[in-house]
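Just one chain follows, in the form predicted alone, and it is written as structure tokens.
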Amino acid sequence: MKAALGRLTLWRVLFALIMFGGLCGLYVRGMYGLGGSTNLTDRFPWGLWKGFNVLTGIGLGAGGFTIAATVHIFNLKRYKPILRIALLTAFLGYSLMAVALMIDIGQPQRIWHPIVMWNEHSVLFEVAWCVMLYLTVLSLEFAPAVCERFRWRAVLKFVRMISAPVVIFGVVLSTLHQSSLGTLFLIVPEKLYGLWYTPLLPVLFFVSAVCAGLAMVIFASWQSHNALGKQVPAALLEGVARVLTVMLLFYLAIRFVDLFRRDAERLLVVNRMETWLFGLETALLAVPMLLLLRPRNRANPAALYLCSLMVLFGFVANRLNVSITGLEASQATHYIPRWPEVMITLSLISIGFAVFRMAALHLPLFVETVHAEEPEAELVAV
């Protein structure tokens, strides 16, 4: 009895409460449908589950294809120790996104229809196929960790044999669907607010996803070290931070050059909620970029963690602004998620943290550093 009470920590109690709330929300969703469990309407059909669970979940998994391409395609073997962390966060992001999508769509039992009912003119069709295939690719890329844990030597040999074409295929798929998520919003030029609507949305979605993926690798590595005592070479995270800084600068430059090119900079001085939320989103990306310009901050684990956290929040703010904030005014509505939407989202996030912890404890995620014979090179972001 005392041992059981000793294991009852605040975080476990909080996790249990969130999961209970998520199950209650799932029950309401199943019994009363989308209309009875959400504040979605025919006028405003995309809310928290699409904006956060789908658009954000896929973006946070971008670190998987970035680090995989760096190690396997560009042959920078010194980044191999963080490869499996990146692949695990990507796999969890995509898997939980798929679960959230099943909860969100009106007829979840029909989620398999894109496999046999093709509509090559639909962007969503392309996204659906890319995500399905990339989730399969992630399973193959992460399989060696599972095979090593259970000593499945034959399977491990086969997976390693096909690893090169699998990685290349995964990079192509990721490039396609990360940008295609932005393409979805190109069909609503009159509805999406001018601070976010631009023909460059596919490019911005791809670049911001790379930023979020790199920040997620830093965040997950720090959490592993802090909570589980798993050591990640600091020099590798500094290299990731340097590339993250460059990608953030590139992303923000595109954003503001595009604003002036479209004469949309005048919207920056309009006193509206959209302006303030755009400023918040921008600040959450610009501040860590400025901080990471200093080598002292990149070498400081706490500063590095804080910067990665701000980038992640900035990325989430951007995706929610595009999918919710930027559409509210044109639809003459104000969307606030109902409690089942919030609780199901929180439960999926909690499951992601719990599964990552279990994997970090029981799978060989932290491989030894591989010293390449070639000169030191920087991380290349794809």
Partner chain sequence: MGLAILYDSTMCIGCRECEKACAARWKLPYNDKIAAEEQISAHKLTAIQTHGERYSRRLCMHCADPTCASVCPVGAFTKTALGPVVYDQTKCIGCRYCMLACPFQVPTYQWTSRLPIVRKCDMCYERVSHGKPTACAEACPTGATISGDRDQLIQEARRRINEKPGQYYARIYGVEEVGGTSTLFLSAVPFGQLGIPTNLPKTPLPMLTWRVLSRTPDIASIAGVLLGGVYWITHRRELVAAEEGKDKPKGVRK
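Numbering follows the first chain given and starts at 1. Being a predicted model, the structure only gives us computed values, none of them experimental.
There is another form of the same protein, the form predicted together with the partner chain; it is not shown, and what comes next is about it.
Although the partner is absent from the chain shown here, 114, 125 and 172 each have a heavy atom within 4.5 Å of the partner chain in the predicted bound form.
With a 4.5 Å cutoff on heavy atoms, residue 104 counts as touching the partner chain in the predicted bound form.
Although the partner is absent from this view, residue 289 stays clear of the partner chain in the predicted bound form, with no non-hydrogen atom inside 4.5 angstroms.
Heavy atoms of residue 40 reach within 4.5 Å of the partner chain in the predicted bound form, making it an interface residue. Using a 4.5 Å cutoff between non-hydrogen atoms, residue 298 does not count as a contact of the partner chain in the predicted bound form. Only one segment in the set 209-217, 185-193, 131-139, 83-91 has residues whose heavy atoms sit within 4.5 Å of the partner chain in the predicted bound form; it is 185-193. Only one of 342, 34, 355, 316 comes within 4.5 Å of the partner chain in the predicted bound form through a heavy atom, and that residue is 34. The single contact residue among 278, 251, 205, 197, judged by any heavy atom lying within 4.5 Å of the partner chain in the predicted bound form, is 197.
Using a 4.5 Å cut-off on any heavy atom, the residues of 42-75 that reach the partner chain in the predicted bound form are, in sequence order, 42, 43, 45, 46, 50, 72, 73, 74, 75.
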